[in-house]
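Encoded as structure tokens, the following chain is the form predicted alone, with no partner shown.
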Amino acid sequence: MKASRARLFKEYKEVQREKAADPDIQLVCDDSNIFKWTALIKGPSETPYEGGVFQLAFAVPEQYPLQPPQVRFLTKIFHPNVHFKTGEICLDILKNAWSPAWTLQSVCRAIIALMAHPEPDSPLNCDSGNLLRSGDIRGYQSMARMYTRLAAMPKKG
């Protein structure tokens, strides 16, 4: 547990130092618990998520960095690799392809990349996966854009 705390403090300092370097990711550590983090990530440009800001919740295990953090979307998102109700994310680096070389910041980058390049063959959201697998790109994009507008964009006025 001591090693994981030290690693998280190191990552915290790096995040503070590099805030301006990665404007698409804002990682914040819970004031009272170094094992709880939230992130705000910007939807990648030229995707149906563009213009949206999505909140992620990180639960970091005491065995970190030997075990991956649990990450889920708190913001509703229509994406084949994200469970619509729970926000669970299907991403290999959060499961069997985890390596201690990954950081919370690089996990956020990987999630942004997944948003831009969904994997419809391992869907947690079957509706969205089926649209992509059947070639209905327009249907998928319009649903994803609608949910981005409803859940991830600031309300006007």
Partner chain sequence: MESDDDMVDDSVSMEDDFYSGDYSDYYDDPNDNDNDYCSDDDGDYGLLEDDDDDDQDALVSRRPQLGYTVLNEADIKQRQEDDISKVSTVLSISRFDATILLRHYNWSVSKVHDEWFADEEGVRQSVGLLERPVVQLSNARELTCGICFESLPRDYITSAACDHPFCRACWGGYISSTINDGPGCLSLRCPDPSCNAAVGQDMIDKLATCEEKEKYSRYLLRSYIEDNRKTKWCPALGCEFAVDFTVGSGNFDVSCLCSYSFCWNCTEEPHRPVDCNTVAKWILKNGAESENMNWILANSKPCPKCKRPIEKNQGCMHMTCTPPCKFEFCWLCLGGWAEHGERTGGFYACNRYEAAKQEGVYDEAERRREMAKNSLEKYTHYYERWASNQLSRQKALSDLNQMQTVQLEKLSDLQCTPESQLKFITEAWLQIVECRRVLKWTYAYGYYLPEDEHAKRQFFEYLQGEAEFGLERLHQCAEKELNKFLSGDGPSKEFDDFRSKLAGLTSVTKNYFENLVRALENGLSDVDSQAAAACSKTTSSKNTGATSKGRGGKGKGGSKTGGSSRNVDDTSN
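The structure presented is a predicted model; accordingly, all values stated were derived computationally and were not measured. Numbering follows the first chain given and starts at 1.
One more form of this protein, predicted in complex with the partner chain, exists but is not displayed; see below.
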{"query": "Partner proximity in the predicted bound form: A59 to the partner chain, non-hydrogen atom cutoff 4.5 Å", "finding": "no"}
{"query": "Contact flag, K95 vs the partner chain in the predicted bound form, heavy atom cut 4.5 Å", "finding": "yes"}
{"query": "W102 within 4.5 Å of the partner chain in the predicted bound form, heavy atoms", "finding": "yes"}
{"query": "Touches the partner chain in the predicted bound form: S134 (any heavy atom, 4.5 Å)", "finding": "yes"}
{"query": "Candidate spot E18, G87 and L150, all three touching the partner chain in the predicted bound form (heavy atom, 4.5 Å)", "finding": "no"}
{"query": "Heavy atom within 4.5 Å of the partner chain in the predicted bound form - residue from S122, T38, S45, N33", "finding": "S122"}
{"query": "The partner chain in the predicted bound form: contacting segment from 125 to 133, 46 to 54, 22 to 30, 110 to 118, heavy atom within 4.5 Å", "finding": "125 to 133"}
{"query": "Residues from 45 to 69 in contact with the partner chain (non-hydrogen atom within 4.5 Å) in the predicted bound form", "finding": "P65, L66"}
